[in-house]
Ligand SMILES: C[S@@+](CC[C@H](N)C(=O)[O-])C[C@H]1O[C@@H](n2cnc3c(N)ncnc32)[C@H](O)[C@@H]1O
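Have a look below at one chain only, the form predicted alone, in structure tokens format.
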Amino acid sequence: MITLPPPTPSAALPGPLETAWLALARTETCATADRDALHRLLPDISRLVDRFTTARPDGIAPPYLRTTRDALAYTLYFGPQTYARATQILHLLPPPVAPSAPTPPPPLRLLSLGSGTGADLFALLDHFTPLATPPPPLQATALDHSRAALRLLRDVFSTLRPTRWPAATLRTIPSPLPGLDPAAPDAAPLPAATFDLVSLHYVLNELPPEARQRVLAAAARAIAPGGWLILCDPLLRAEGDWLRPLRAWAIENLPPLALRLPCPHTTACPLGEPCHSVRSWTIPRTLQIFSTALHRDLRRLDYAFLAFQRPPLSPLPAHAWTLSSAHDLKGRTEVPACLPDATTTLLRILHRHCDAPTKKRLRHLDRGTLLLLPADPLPPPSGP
């Protein structure tokens, strides 16, 4: 019987994180109220939103977020979306293996490459902190070209650490991405086999194909045994399905890393269109104001991701990956999906096998949902 994994925890931006960002925005704009600060930052946000959509540069993107004001404008608009995407992806990973002996767990070493102001790093900290009591020690590292963005990241981390991430430490590295320029040595080369999780969140899409491969290879070398490399990027239809050839290149050139998610297989992609997720989320109040003012529809998150792991590999159940939203029909739910045998099919999930909460979740099944498969092969769909 096909089953759903446990519900994803709320991907909404935590209130304390939004509050910390707004406090810095009030200081930067010399405003006494949140709405005044947001109104004063709106022109900067509009310029940055255009820069990442209609006015995208060609080739390697020039540096941006040079000032604290730009970093805050970027954070208030893009930060909640980054946090939500990272949270949804992290929920799919198997939990870290607990130590067998009753000894303090080793620290989890987390790295965000191209971290910006740290929304994905904060999602990592929020994800791993509640895994144990007391919380496992977390060593977070953020690397970015923008010193202004890293200053903002440190300010927020220092504000929230005592109550939110008491077992975490933070290191920031102002540097270009490792491997970005083949003619120049890395300003901050990554030590080999050092990190348990490396995040590249909305970074590679700004680079030409050969630079994407170099940066990805540098990130892969930094993964410790059992560690994960997660890349997430927007689907840029104007550029074609660039993530598909990068997936094939990574499978061939990044051993011993193995592709684990979302693909249920490591052979050639069988799809005739780009594979991506379109997921629901809760829009924070700050972003609701911006989306209305800028006439942007942010009710869904549209993104693509790949997750690789270096052996030893964590056990993952057999799974299928949904390729569109589901159709709720009488007595069943139908959804096209990619299967472990590298084929696609129309899955039929009979409601008689589901309890009431599962039926409710099936009615709102998003594109890019992981479905757990039975141990036996799936029978082909039959009947109307």
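Since this is a predicted model, take the numbers as computed values, not measurements. For every residue, the number given is its place in the sequence shown, counted from 1.
Beyond the structure shown, there is the form predicted together with the ligand, which is absent from this document and is the topic of what follows.
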{"query": "Residue (of 177, 304, 73, 287) lying close to the ligand in the predicted bound form, criterion heavy atoms within 4.5 Å", "finding": "177"}
{"query": "Answer option from 241, 155, 206, 126, heavy atom within 4.5 Å of the ligand in the predicted bound form", "finding": "206"}
{"query": "Stretch in contact, per heavy atom within 4.5 angstroms of the ligand in the predicted bound form, of 289 to 297, 138 to 146, 159 to 167, 258 to 266", "finding": "138 to 146"}
{"query": "Residue contact check: residue 38 to the ligand in the predicted bound form, 4.5 Å heavy atom", "finding": "no"}
{"query": "Non-hydrogen atom contact residue 65 with the ligand in the predicted bound form at 4.5 angstroms", "finding": "yes"}
{"query": "Partner contact for residue 227 in the predicted bound form: the ligand, 4.5 angstroms, heavy atom", "finding": "no"}
{"query": "Exercise: residue 310 in contact with the ligand in the predicted bound form, heavy atom 4.5 Å", "finding": "no"}
{"query": "Partner contacts in the predicted bound form for 31 to 53 (non-hydrogen atom within 4.5 angstroms of the ligand)", "finding": "52"}
